[in-house]
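Same chain, two versions here, written out as structure tokens and called structure 1 and structure 2.
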Structure 1
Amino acid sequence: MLLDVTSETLLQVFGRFHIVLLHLPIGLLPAMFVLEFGAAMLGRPIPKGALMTLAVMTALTAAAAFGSGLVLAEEKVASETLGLHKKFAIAMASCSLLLPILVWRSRRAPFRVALAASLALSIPTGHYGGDLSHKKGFLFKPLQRKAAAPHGAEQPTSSHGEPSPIPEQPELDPKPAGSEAPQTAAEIARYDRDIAPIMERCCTSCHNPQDLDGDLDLSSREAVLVGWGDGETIVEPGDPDASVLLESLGRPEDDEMRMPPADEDEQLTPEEIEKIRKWILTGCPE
């Protein structure tokens, strides 16, 4: 089977190695920072040999991470977040490439400036990378959640001081009682009134026109009905049990196809899932 692999396939694999390669310069930069500034603070000789080795490794791995990132970006939908990630990655890689050139100079200021800049640029680069690979605001989400919590309210923690796991949602009966077609207009679930707020709270931070996680947009009724496109839908109007969207909401926590993933803060309640079921059952009205 490996003989059938094309150069394009190998290039895609290289692009996906970005998630491995990016950690190398991020780990090497602090090591150089400690050696350079630690020696200066302690009044010891600068270990230029070790610094040169680390500088060369940082430059090579930063170049490899940047190259693989450009390849991986071809699989992503163009967005403001992706553009910012690229710009900061270019700046970080450029500073990293200067390190092997500057490390041997007797004047330490240029090397130290390039080193500090590379390390500082790794923060916004990683921040926007986290937004792309996880969800918008991933890096600072705990701080935002803390700021938004009512005064004095604390997230439940375990006896070890760690956040308590998300309570397991009860498994839903594939055809729960009361899922028959509603009889009155008030009982009919409407997208704008009932479904859109659920999607906005739990789904659209990842599945939107900019991020398009999983090649899926859930930011509007029309997008939900389109699904993956090319005839691959996630809802079958009038038939909730044949709808992939509803199936994914009721999967066990350890199932990688569960949506939202069990480690996400925002989870649908059984009532919300039932509301989506009724919306699909009545033909997905606006």
Structure 2
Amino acid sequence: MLLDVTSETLLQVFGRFHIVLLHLPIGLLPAMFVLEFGAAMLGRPIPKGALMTLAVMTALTAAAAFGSGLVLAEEKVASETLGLHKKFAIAMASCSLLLPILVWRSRRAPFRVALAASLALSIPTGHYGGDLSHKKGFLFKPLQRKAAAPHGAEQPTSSHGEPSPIPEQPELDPKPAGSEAPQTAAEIARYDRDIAPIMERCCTSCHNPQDLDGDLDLSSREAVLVGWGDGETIVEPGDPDASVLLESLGRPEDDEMRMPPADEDEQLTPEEIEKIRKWILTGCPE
């Protein structure tokens, strides 16, 4: 394999190291916090040299994490979450850069304020950063699923654990498993009945009016038909093979543009992809 080593690709790799570098200040800040306040509580202040070492390392790693983050952001689509992550990161990196200066000038009280502020700011910074690299709400999702189960059981319209906003129509679903079914009226894929539930399970957590990953909203038939807007569409009614949406579903697992991304729990079954193909082929009916 030939390597494509240019200043541009090296810079891109530096940007991707953001996900490694960011952990360094996140580890150093609590260490310094515990040392500084723990020692104060014990009445045995730690030597300035030790504090200075930690403060310099924190400032340098925070700067490296911030710089690589700016490079990585070039690869991402601008979003509200990315904007918030950036704002908190600027505040956190600024506070961290003050630390060695304040230690050096023996300004103990301002140092403690800057230290506590950096540590506090690492929480929202990390939170929005996590939302960017994982799905929004990833952390507490297991709790939500469990909480939803008892309600779901009482919901007469839903046959799986979660309450489904779209009423199911089981009477229209007696298809022979595995065999190519003929295209009768009942077999035509309809958006509300067949496609919306698939989108809701696998796609709308990232593609909704708030998150707009890839600049796409997939939360309604209209939004799917609009695509990126200005005629840049992701479905060509009647022509599945010319539709970016279907193309993105068929990509191999190691392809970054594969949808849903390969590391997602919720994946499409071949039958579901076939349903989407049919829906596009028959002109994207409601």
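Here, rigid core means the biggest group of C-alpha atoms that superpose within 1.5 Å across both forms. Only a predicted model underlies this, so the values are computations on that prediction, with no experimental measurement involved. Residue positions are counted from 1 along structure 1's sequence.
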field: Either 1 or 2, the form predicted alone
entry: 1
- prompt: Has the Cα of residue 105 moved 2 Å or more between the two structures, judged after a core fit?
  reply: yes
- request: Establish whether a shift of 2 Å or more occurs at the C-alpha of residue 87 between the two structures, with the two forms superposed on the rigid core.
  value: no
- request: Answer yes if the Cα of residue 257 shifts by 2 angstroms or more between the two structures on a rigid-core superposition, and no otherwise.
  value: yes
field: Per-residue CA shift, residue 220 (Å; core superposed between the two structures)
entry: 5.0
query: Cα shift of residue 269 between the two structures after core superposition, in Å?
result: 9.0
task: Let me know the CA shift of residue 193 between the two structures in Å, rounded to one decimal, core fitted.
output: 3.3
